[in-house]
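Only one chain is given next, in structure tokens, and it is the form predicted alone.
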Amino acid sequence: MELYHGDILYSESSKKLKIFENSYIAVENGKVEGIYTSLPEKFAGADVIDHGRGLIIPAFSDLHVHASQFIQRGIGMDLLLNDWLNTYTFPQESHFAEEEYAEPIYEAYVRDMIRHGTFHASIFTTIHRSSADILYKKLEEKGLWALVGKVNMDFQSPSYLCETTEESLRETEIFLDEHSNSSTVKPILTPRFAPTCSRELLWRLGKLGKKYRTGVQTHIVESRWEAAESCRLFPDCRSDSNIYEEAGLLGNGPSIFAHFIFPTEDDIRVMNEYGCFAVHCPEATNNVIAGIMGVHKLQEQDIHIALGSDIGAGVKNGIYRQCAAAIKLSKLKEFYEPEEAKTIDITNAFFLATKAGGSVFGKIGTFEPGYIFNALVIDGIEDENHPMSPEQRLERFCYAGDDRNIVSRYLNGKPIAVD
């Protein structure tokens, strides 16, 4: 049994934070046993790790990130999405055909996600299986939770980053088969998005999903062009998300759709029917002007939402900064669309970053009994002689903090160091 003392804060729901000041959290076999305002007799004499006024919070989850783009974060931000992809992203990703190029980038990415308190992530790599294996193994070695996908692209893609259909399917099945017995890191099917995938590829990926009970991650209704182009290429499908439904890609595991900015009624139906996750990437969509997700409205329609960094259109691994960005963009959306959008608050944003995103990986993302103790301790955020409430410290950390304010990290109940 491990005991940790501090100010404890976690999400109960999108509308409620649970806060225990000057309290103790008991952890047994890596899982939360309970939270106590004073130590009960059964813990008499037990050692306590005292974090003083440190704020103990759950570690963050990033449900949409391109680890291969870590090297290009903050570059080309004056371009719109399509120009940015063709000028920077696609040429850069082509280099991952060489393992020697991929290894140091993936190493740096994993170190940086730990530094910023992201212990769970759904990650795109590139079309190159051998390089994807490198990232997979690094995540496993650290004991992190992740879904990792080898990207599929066999259509309308640059010649240097386009597979044949058979090659894409063969390499994907090898990737699934080799990692079918992994523990906290799992493979996930990753068609880049419908306009870069042929019908044959998507439908046969659906068969692989059923065979290996593997979920899917992709980009969906990210822009008006993408939504229209998807329906043009698949005219027998009713919506962008219906393409994946008809292909048999849904219901086999987690279904994670990045952006979800311009959904139709049929997209909402699909999301609800299959319990899919829409991933809000506020910093990235602002950088490349893809649009602004209507978080409040989607929540009213019972859509599961989580946050993503979307590196490299996003420039920081810290999901706590996405909390702040989500609030800022919701205010902007309400200003321009007052009849359609409402501002979200820090309680809601923190829920998306922890409990909502963590649910994809199991009992992760909160401190309710039985949940895995993946946690961060935040400190050094207050001004001298001006103490703040736990909620105020959380908000300031999300807006003005950085990795230096994360003074301790716990993974599966044990301390984890930053390399």
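Start at 1 and count along the sequence shown; that's the residue number. Here the structure is a predicted model, which is why all the values come from computation and not from measurement.
There is also a form predicted in complex with a further copy of the same chain; it is not shown, and the following applies to it.
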Here the chain appears without its partner; judged in the model of the complex, the stretch of 281-289, 264-272, 239-247, 225-233 with heavy atoms within 4.5 Å of a further copy of the same chain is 281-289
Partner-free chain; cross-checking a further copy of the same chain in the model of the complex, the single residue of 98, 300, 167, 337 with a heavy atom within 4.5 Å is 337
Here the chain is shown alone; which of 304, 321, 192, 259 has a heavy atom within 4.5 Å of a further copy of the same chain in the model of the complex?
321
Would a further copy of the same chain in the model of the complex be within 4.5 angstroms of a non-hydrogen atom of every residue among 46, 142 and 368?
no
Just checking whether residue 409 would be counted as a contact of a further copy of the same chain in the model of the complex - the rule being heavy atoms within 4.5 angstroms.
no
In the model of the complex, does residue 402 have a heavy atom within 4.5 Å of a further copy of the same chain?
yes
Whether residue 71 contacts a further copy of the same chain in the model of the complex should be assessed with a 4.5 Å heavy atom distance threshold; does it?
yes
Just to confirm, residue 129 within 4.5 Å of a further copy of the same chain in the model of the complex by heavy atoms?
no
a further copy of the same chain in the model of the complex - contacting residues of 325-340, heavy atom within 4.5 Å
328, 329, 331, 332, 333, 335, 336, 337
